[in-house]
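There is one chain below, alone, in structure tokens, taken in the form predicted on its own.
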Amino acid sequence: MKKLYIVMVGLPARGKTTIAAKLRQSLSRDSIRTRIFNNGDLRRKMIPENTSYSGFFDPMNKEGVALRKKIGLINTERARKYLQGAGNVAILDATHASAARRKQIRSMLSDHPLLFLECFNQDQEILEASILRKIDLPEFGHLNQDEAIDSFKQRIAYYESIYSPLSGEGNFIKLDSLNNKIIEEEIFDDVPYLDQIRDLLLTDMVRNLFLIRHGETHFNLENRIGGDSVLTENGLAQADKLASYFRGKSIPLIFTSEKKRTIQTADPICRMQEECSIIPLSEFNEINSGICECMSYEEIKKGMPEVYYARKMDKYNYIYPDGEGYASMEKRIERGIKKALYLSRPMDNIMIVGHRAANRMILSHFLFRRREDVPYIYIPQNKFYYLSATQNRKVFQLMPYC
């Protein structure tokens, strides 16, 4: 089989390791022997003392520079030996921030085609959340959260001071790693597996996604829409049953909307996990019903018949006055999905606790549905959807939890 080096490029917390892991999973699934050579992992194994402090990454720190260069050379040589043997694809996962470092890699790895893959993410909100995930590593355990954040941001600043984007360095792809969008590409050689790699970079993939609707609320009992109602006693019991159901599964992150009912549903699930955080995202909020917020459908029919019947005629495209509709919430739901996938590690189980309409839109993102059918997808409160979506396989199940 053909052989390929993939060299990740980009500042810290830009999604390089997540993309590398997705590449390895996808290629390995097709019997393409793939291995990742991560400089950070090697650093933590080689150097017994803690190297999480930002000064280690200071370009003026000669000792730190020498150690990081040594680690890079070791991994580069290991990648070369891997392809000399049975390996097909070797992925070098590090910042590779300078043009000089990348030139050195090209000179050392000239026996097979080489593809640079540069990751960008300019979304400050996502960057901040990604840093919070990074400082979960044990090497930051001796610092409090604020100290760890400051240290990691200083590390980024040191890399920024020497960073040089790809330019005229052979085969490369520049990727918006949040939105799965190829920004720029130059391919001069016959790069093995290129079509498969491109497809992977542009595809939202999720190993295990548990999509849950919040428990029963007082507004549900009154058939009212929108608002910020809390759970009923039955809704709280549903949340407890969900917590018991998922107790044996690892759920590192639970994404919710900003509404009380989704956070109340997520709380007991989170408490029964060994390590779990709840991340509320505005993108997963329910449809804003505008002037109809907190009204029942019967009240809308009687008091605003023009609204009631206009929406009934075209439920997907109808926009509530001063509010939203399915069509207008599509972009924010997609953005929420991108955030959730970006912040989750490749092998993590992902949970989203959302709302009826929001969850319909999430499902339609992964599973093709005609737009006019989306408002009628069944989203019960006593069951959840399980999804697994990869390049080669899609699984879609509605499962009871009690």
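Counting begins at 1, following the sequence as shown. This is a predicted model, so every value here is computed, not measured.
Beyond what is shown, the protein has a form predicted together with a small molecule; the following relates to that form.
>> Residue-level question: is Arg213 within 4.5 Å of the small molecule in the predicted bound form, judged on heavy atoms?
In response: Because a heavy atom of Arg213 falls inside 4.5 Å of the small molecule in the predicted bound form, the answer is yes.
> Taking the shortest heavy atom distance, is Ile225 within 4.5 Å of the small molecule in the predicted bound form?
Replying inline: Within the cut-off, so yes.
> Looking at the partner-bound form in the predicted bound form, is Pro375 within 4.5 Å of the small molecule by any heavy atom?
Replying inline: Residue-level check for Pro375: yes, a contact with the small molecule.
>> Contact with the small molecule in the predicted bound form for Tyr297, defined as at least one heavy atom pair within 4.5 Å: yes or no?
In response: Tyr297 belongs to the contact set for the small molecule.
> Since exactly one of Ala79, Leu231, Ile287, Cys119 fits, which has a heavy atom within 4.5 Å of the small molecule in the predicted bound form?
Replying inline: Result of the distance check: Ile287.
> Using a 4.5 Å cut on heavy atoms, which of Arg101, Lys241, Arg133, Lys315 is close to the small molecule in the predicted bound form?
Replying inline: Spelling it out, the residue with a heavy atom inside the cut-off is Lys315.
>> I need the one stretch from 106 to 114, 241 to 249, 279 to 287, 133 to 141 whose residues put non-hydrogen atoms within 4.5 angstroms of the small molecule in the predicted bound form.
In response: Single hit among the candidates: 279 to 287.
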